[in-house]
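Read the single chain below, which is given as structure tokens and is the form predicted alone.
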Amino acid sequence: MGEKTRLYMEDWLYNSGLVGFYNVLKHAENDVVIKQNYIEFESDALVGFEKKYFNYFIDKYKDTLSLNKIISFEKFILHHEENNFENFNEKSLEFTNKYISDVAKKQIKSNSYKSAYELIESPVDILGLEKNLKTINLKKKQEIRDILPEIKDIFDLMKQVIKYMKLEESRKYIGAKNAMYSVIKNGWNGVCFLNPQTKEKDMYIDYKCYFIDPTIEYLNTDKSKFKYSCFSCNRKMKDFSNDLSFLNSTGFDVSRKSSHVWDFQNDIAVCPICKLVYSCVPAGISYLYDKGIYINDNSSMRNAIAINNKIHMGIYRQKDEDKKLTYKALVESINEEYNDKIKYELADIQLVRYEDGKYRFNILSKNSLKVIKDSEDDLNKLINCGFKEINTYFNVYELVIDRLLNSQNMFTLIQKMLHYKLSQPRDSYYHTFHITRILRINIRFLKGVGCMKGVYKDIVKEGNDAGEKLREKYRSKGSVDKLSGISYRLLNSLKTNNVDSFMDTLLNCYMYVKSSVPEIFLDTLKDEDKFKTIGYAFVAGLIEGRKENNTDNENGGKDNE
């Protein structure tokens, strides 16, 4: 039995490291005691911690590691071999060529893989196999059966590559390299195995020497003569050698940036135990490619572990097409809480997001949580909606949740979506009825913050219906082409809150079709939020109208006009 050590909850970053430290030990089936605000472990658990550390990442993130992408091709090979290549067609050939060029050859000859080969004891010349891997072209007048011998040769080569990648040592070292550069690097960088100048090639030994050995030595040392205190846990420590510069977007280089501390004398350093905990930050935050999410529920250690593990499982339980959505797992966790009748357990808790190499912070307010719960059906319809801006794709679901978490209304988003629907419909993957769903979510949000009082009827539906009917009248007069220009003018009026300009354009439209203005527009004169809500719903109906076979149940948009 080793000495027991308690690690107490502190700030959000340390807490995420604690959750990660617990996850690593629990994954290795070590005993860890969880109490209200601390965890307790025996020092024996640190023996072989480097293997536990990497095993956690290799197992938990296996779906996103490139090693598994290479191995996953085996199913495709076996399927066609079992069927004697009867179903192998041009699409299968295209898939094979894409796999060879984009996955196999690209990964096998990458620098991170090459450095791992030196650690794997195997007689196989994997780089020689890579050179022989070539894509197969189907020439004119050739059929698939003509090139079957070449395909079989390539499949035999691939089986040798996959056999090599499935070796225990390949999983150990290549898997660790994958985890280092796709997950761990998001939390910390520049030291140990992530230091480009490191002399130790084996990342397991490097991690052990840099993080674990100093911790074990510190635990066994008499600290009575130490005169400094740890910046994080207040334990006594010998010197200030362990700074926080290795943490992304948090620490700084104390030797080069001494002006960051009082009187140019650095007093920010941590003990070896805290440094080890901080190295586990990537195991506490749930990452999806270059995005991460962590809920800092610091009321209870058990709750912090439970909610963050639930989010991690939620992200990797999603279907492949939904895995780009980091917020979806968060929303599911919130909805599960409501279903369990534990309302507001997450209320007023800090949400930390990692995006574009920076941390962003929000507080999960009661209003935002209630709107997210009440809008479950509307949000689910937005999952596949998005638009392209220059060369970047934006998912509407993520944008709406982001605004709810930031306590922002949706009007600028709706303005942009309607504008793109008019100006670049090919890059707008949604219909205007998705915009009416966003308007309904926005009404719930505005009511939650004390606006839109006294609105009992469905002003979104009435405004949208008015737009659709006016479009039909223009169509019957053969003037539907005029609606684009009218829509632009109405959007400009809405953007600048110019009610007079909006009503002028509207009156001209109804005079043109010799019809009276619907009563719903009287409400636009009473309140700015009502004006924008009804106005955008009207423009949405005017732009697209009611499409044939439009059931309002589609998720995402494909047949853009």
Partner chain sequence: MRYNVELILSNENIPKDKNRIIISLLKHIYESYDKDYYVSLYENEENKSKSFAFSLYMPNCEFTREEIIIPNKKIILNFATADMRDGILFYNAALANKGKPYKVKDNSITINRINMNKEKIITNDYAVYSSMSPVVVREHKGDNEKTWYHSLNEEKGKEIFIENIKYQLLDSFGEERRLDIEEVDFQVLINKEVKVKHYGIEILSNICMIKVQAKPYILDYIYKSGIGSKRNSGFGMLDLV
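This structure is a prediction, so every number in the text was calculated from the model and none was measured. Residue numbers count along the first chain shown, from 1.
The same protein also has a form predicted in complex with the partner chain, omitted here; what follows describes it.
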* Taking Asp504, Val517 and Leu522 as a possible spot, do all three reach the partner chain in the predicted bound form with a heavy atom inside 4.5 Å? -> yes
* Evaluate Asp500 for contact with the partner chain in the predicted bound form, applying a 4.5 angstroms cut-off between non-hydrogen atoms, and reply yes or no. => yes
* Distance check, Tyr510 to the partner chain in the predicted bound form, heavy atom within 4.5 Å -> yes
* To do: Spot the stretch among 66-74, 492-500, 27-35, 53-61 with residues whose non-hydrogen atoms come within 4.5 Å of the partner chain in the predicted bound form.
  => 492-500
